[in-house]
Ligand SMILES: Cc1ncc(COP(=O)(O)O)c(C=O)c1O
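The chain below stands alone, shown as structure tokens; this is the form predicted alone.
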Amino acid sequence: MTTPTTHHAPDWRRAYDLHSVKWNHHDRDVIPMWVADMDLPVAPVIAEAIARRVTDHRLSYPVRGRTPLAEAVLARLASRHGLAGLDHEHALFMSCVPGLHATARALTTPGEAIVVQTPLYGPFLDAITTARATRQDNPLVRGADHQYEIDFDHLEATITPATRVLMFCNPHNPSGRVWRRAELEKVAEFVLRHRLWLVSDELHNELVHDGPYVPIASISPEIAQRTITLTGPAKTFNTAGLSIGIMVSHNRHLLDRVRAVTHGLVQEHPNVAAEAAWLAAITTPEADTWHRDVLALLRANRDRLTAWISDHAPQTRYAPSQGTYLAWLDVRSYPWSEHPADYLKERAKVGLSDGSSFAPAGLGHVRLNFATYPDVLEEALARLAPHFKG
């Protein structure tokens, strides 16, 4: 049986997936390293759990409430991440992007404001727009080591009497920052002082290379009462197509507000195949082994990319990802930086995400997904190298 660390793709086309948007968005001669999917096969135990649910003919409406999956997810959040004190009444099954839209609509009225740290994953921005809320950008700033930092002085200046929500992302997409406890404590203090609601996307919480990962709701009982946390298996276990996630809060009234705006539009129970997959992913030793192997592969790919940038693209401002499998490259020193993703797709035949979709703070940047086979990464870097020469 192949594992993520032994399965290679000597010809990068072997990674092509007929059913994947990642591999069908560009022409076939373009190596796609954009959308946040891994090219790696899912853990066999996950595939077996899905197949077993089908062959056992168990495709009827699922049980709701205190289910084995709900209990397993909440137990994992408590034991692995310190997010304790939650039960099934503090949880609502919903994948991350619908969760961003639902919380934006539930916690604001049109014209009220939501503050975000940019650059930021595009669906945050879209959720604010569709909620008819005002977006208040607090651009992240580069520290001495090129890692992003929160500009707390600017954050204070950004807020207005109309601000109701701070949306947060940890680990951060697109930069890969894993926010440290001291930073989270300052965010929590800010939220509490201004009596805001906090929505925290923590979808990449088990793809951490340089930790520790700390859920912001675990900082104090006070911030837990003002926080909704979004997470799920999609990134960790490469199951994005199953569309499952969970929204948790120690404040049940916040979840009731979300239910009020999603009633009849979003199912409150998970898809049964997704339910089987997630339960297998977090309750079996085989999935734990797969997860460790994947993390080792991702770290090796990150380190290879870091070395390549140092050797072949020294004009690129870049900080190695502390979490996720995403690399955020500042290419503003190159003559093609106005539309960098278009340029590299046409000239290098490598498909990256353009930073412009991550708010104005992302202009002149590209996001590179390194969750692929080492052979595919090497081919992509070889194609990119001539365009990054000084």
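This is a predicted model, so every value here is computed, not measured. The first residue of the shown sequence is 1; numbering continues from there.
Another form exists, predicted in complex with the named molecule; not displayed. Remarks below refer to it.
Residues Val165, Phe190 and Ile223 are none of them found to lie within 4.5 Å of the named molecule in the model of the complex, as judged by heavy atom distances. Using a 4.5 angstroms threshold between heavy atoms, Arg302 stays clear of the named molecule in the model of the complex. Although the partner is absent here, Thr108 is not a contact residue: none of its heavy atoms lies within 4.5 angstroms of the named molecule in the model of the complex. In the model of the complex, the named molecule sits within 4.5 Å of a heavy atom of Tyr121.
Using a 4.5 angstroms threshold between heavy atoms, Ala49 stays clear of the named molecule in the model of the complex. Comment: 195-203 is the region of 195-203, 179-187, 313-321, 280-288 lying near the named molecule in the model of the complex, near meaning a non-hydrogen atom within 4.5 Å. For the options Ala276, Ala104, Leu74, Cys96, the one in contact with the named molecule in the model of the complex, meaning a heavy atom within 4.5 Å, is Cys96. Between the options Cys169, Val248, Val294, Leu254, the residue in contact with the named molecule in the model of the complex by a heavy atom within 4.5 angstroms is Cys169. In this stretch, 23-42, the one residue having a heavy atom within 4.5 Å of the named molecule in the model of the complex is Ala36; the partner itself is omitted from this view.
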